[in-house]
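In structure tokens, the next block holds one chain alone, the form predicted alone.
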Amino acid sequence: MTQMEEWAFPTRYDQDYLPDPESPYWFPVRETMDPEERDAAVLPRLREVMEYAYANSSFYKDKWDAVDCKPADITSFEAFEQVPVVTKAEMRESQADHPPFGNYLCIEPTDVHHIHGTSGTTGQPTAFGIGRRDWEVIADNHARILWGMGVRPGDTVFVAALFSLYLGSWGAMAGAERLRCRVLPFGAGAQGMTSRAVNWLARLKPTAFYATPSYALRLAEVAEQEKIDPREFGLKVMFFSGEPGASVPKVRSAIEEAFGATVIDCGTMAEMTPFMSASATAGTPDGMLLWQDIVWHEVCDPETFRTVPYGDEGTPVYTHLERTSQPMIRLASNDLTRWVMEDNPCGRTYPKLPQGVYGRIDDMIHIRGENVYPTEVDNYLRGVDDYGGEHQIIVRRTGSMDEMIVRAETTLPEGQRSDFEQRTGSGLQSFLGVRVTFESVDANTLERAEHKSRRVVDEREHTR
């Protein structure tokens, strides 16, 4: 078997290592090897990680004992698919019973180095406890993926995301620092910050930029309001996570057109940090590659949690291959995607999500027997002439029937909108295959995202 670079568990990477400056790969063997050979190395690693979790976590021991599942039984990927998935509800319950980190922590609480978590806006927040060694490994993983995006030592990386519980900003910064980049941890979310970001970007002209896709669009709007062309920032690489968008064709092209930069989609789940294990590259900038030697990614039937064939749609299920603190083993994402296995222009032999992660099962709008994804509305509207840049989806119940209203901004004055409304409304209805009531409002009327977009208002929740 081909010797993979620094392939060991527990993992400890050489902190002084940097690739050949001329190489597009951080680890040429691991990234370009025969995928069957890589899988042959991953299978015993899955068993090894399970043995570690079984020995160090009553959460996993009890869960697996209840279904007579033992790490030693994992002799094939088919057997691994029998391992029961972990859900977010189970994690919250574990942390309620074993505060603060749950009984799946697997290290001593005193060894936790970074604490992050969910916001808790819809319930009890989930705490992420990450060990010091794991944080170093995460930084190495993200540096490796940034190298694949084309970011190099000495480049300036502008991080325009919340520095709080949110792991995205911290993970991006950790990777950039390990790559020996200059990092501006600018942040986001406070009043007036977007205008200040425009000023700093114009002054520093950084190479790379990290945020959410909706924030990048907002940034372009503010720059143009201040009579600054976003292309003058000189950005070469813009990488995004936190929400669908960077793989939505019209959103992606809008960002590319505004900034003149390569747009990279990346990201899985905060719980799965290194979350950038699903990421495009400079040579394969569309969709996301699944870096299967960092995190094991499966795309599964959402009912059975068995993997679906390449070409099919399913829900991602994730397993850490290198984490020793709060390792996730078959974490169910509740997201939706489609995966393929094909030749990648960059030469990496990983599977690919050609449309990225395009929605969440619980974000899907069920209306009159049809399923509508918010990203579909976004993708359609951004291709419409005279669209004003923001929209809102309202779902309400009228009598016994559900109704979907799409309210979109337009650049047209009020007396000249009838054709826009008729054309856009009928086109959207045909595109989605469901009846839509379409309304237009003035540009700059609807609230802009200073971090993640919130465009769906489901009023049925208050009438059920």
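Residue indices: 1-based, along the sequence shown. In this text, all values refer to a predicted model and were calculated from it rather than measured experimentally.
Quick note: we don't show the form predicted in complex with a small molecule, though the next part is all about it.
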Answer range among 214 to 222, 185 to 193, 149 to 157, 269 to 277 for contact with the small molecule, defined in the predicted bound form as heavy atoms within 4.5 Å: 269 to 277
Proximity to the small molecule in the predicted bound form, single hit among Val317, Leu289, Val357, Ala143 (heavy atom within 4.5 Å): Val357
Residue (of Tyr350, Tyr166, Tyr104, Trp339) lying close to the small molecule in the predicted bound form, criterion heavy atoms within 4.5 Å: Tyr166
Close approach of Asp265 to the small molecule in the predicted bound form, 4.5 Å, heavy atom: yes
Contact test in the predicted bound form: Ser241 vs the small molecule, heavy atoms, 4.5 Å: yes
Residue contact check: Arg455 to the small molecule in the predicted bound form, 4.5 Å heavy atom: no
Contact label in the predicted bound form: Asp378 to the small molecule, heavy atom within 4.5 Å: no
